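So this first bit is one chain, no partners, the form predicted alone, shown in structure tokens.
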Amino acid sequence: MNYKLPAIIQGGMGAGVSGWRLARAVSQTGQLGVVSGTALDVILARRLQLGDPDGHVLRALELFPISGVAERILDRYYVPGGKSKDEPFRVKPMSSLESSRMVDDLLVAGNFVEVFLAKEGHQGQVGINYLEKIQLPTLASLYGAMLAGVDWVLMGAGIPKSVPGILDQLAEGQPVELKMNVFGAEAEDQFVSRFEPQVFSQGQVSKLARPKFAAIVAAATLASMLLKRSNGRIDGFIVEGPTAGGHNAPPRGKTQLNEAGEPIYGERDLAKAEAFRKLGLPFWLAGSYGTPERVLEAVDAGAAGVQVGTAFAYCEESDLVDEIKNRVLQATATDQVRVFTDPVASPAGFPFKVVQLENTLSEKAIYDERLRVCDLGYLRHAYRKENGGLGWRCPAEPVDEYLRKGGREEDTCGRKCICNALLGNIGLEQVQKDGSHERFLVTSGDDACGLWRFLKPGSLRYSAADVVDYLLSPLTAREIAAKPALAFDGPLD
């Protein structure tokens, strides 16, 4: 059977920026809307503590297919009418290898809720995006998304060679495990996370539909390796260049910085479409492809289309707070947007795109005054303790704690708590013990400088449909429709 692929994949951005509203809006245009799978457990818990004023989360939880889960979550986190602005959110337990029932409940239900709401009321396809480096939540998160019928799983920021097989096993209701990346691990060590669908569901769910899987890569060599070593089917690749938002792959070879302190990317860091064509699977190009001309350029090069994030991040349906949207859109209208590729901001160790905005963590003075704390832990690093056990440390946590765990002081310099900042970006910022509210840290691709093209005179608002209409202008859409590269036979049907 011949399967028609989307020409536009909406990027899965930040923690909650590409939430269900945005993914739903894009999917309703016939393209692939994508929710971010990062931190959906804490996002669920905090939305409930704000009282879920529109009732969407409560409606989705009512339809959760496994009894007892929603009830336990509501008993612990739901605050009718919502907490006060200056009251801290109740802390969610961090994931561990010996995960508790509440941790799994939040992960499974959080992913279910986001995908369910994104798919509600239409027939379009919905995907979910995960970071391979955030390993502990992966298994339960995938299961929750599959319970809601997610159509695509997208994963990058690492080498997700085990995930295709995990999707196969989860679809059959089989137990799954994922080997952890552990610093200092020895050959005989067995650091593995596990999830058992039948135990979690108490036998209430047997088999699920297996979503398609696309790996997010920066080079054809990695894509080729994944095809050889993956334990299951890969359905395509998203090829992200160094101008894409969020985390970027580091430059190949020895990292050098320009005068501004940003990593220097060269010809070796630019993916070659010809190499991806030879792999024989659909691929989408990403990183400054937010214009009709660049969409056609990608399709002419043999791509199925493009992934676009930044343009969607500032549209009406994204969950970025209005303050951020307005400030960035006002700046782009006057050509005053600057995006800095920060080589050290992220605890993950990847270069990280940061929009330079006053009174946010992009300013050193604001960063320096923040109380260092690691209370979410998504970007912690696993390490082997001297006694052979598993430990966790984060370069953005208090420096003395990091050093006590065997970390190097130089690794803490300039590291920012991206976990807390990204939740602040969507209005779910924590109130810390000193009474301070977590500050913003805004990430966008280099295309943020061109957002002016979506603005009508006198307005700072535009919709997801406006972005799709712009990218697929009548000429662009007609030429793309004529390209056979958009239709593939085989396992995608």
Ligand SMILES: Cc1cc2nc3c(=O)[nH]c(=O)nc-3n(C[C@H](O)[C@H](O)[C@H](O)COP(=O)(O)O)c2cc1C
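Predicted model only: the values in this text are computed from it and were never measured. Heads up: residue numbers just count along the shown sequence, starting at 1.
Beyond the structure shown, there is the form predicted in complex with the ligand, which is absent from this document and is the topic of what follows.
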Task: T341: touches the ligand in the model of the complex, heavy atom cutoff 4.5 angstroms - done: no
Open item on the list: Would you classify E240 as touching the ligand in the model of the complex, given a 4.5 Å non-hydrogen atom cut-off?
Closed with: yes
Task: 4.5 Å heavy atom contact, S162 and the ligand in the model of the complex - done: no
- [ ] Please check if T443 has a heavy atom lying within 4.5 Å of any heavy atom of the ligand in the model of the complex.
- [x] yes
- [ ] Just one of 341-349, 241-249, 84-92, 266-274 has residues with a heavy atom within 4.5 Å of the ligand in the model of the complex, so point it out.
- [x] 241-249
- [ ] Find the only residue in P137, G127, G309, G144 having a heavy atom within 4.5 Å of the ligand in the model of the complex.
- [x] G309
TODO: Could you spot which one of I216, V150, L106, V113 gets a heavy atom to within 4.5 Å of the ligand in the model of the complex?
DONE: I216
Task: Residues from 273-293 in contact with the ligand (non-hydrogen atom within 4.5 Å) in the model of the complex - done: A286, G287, S288
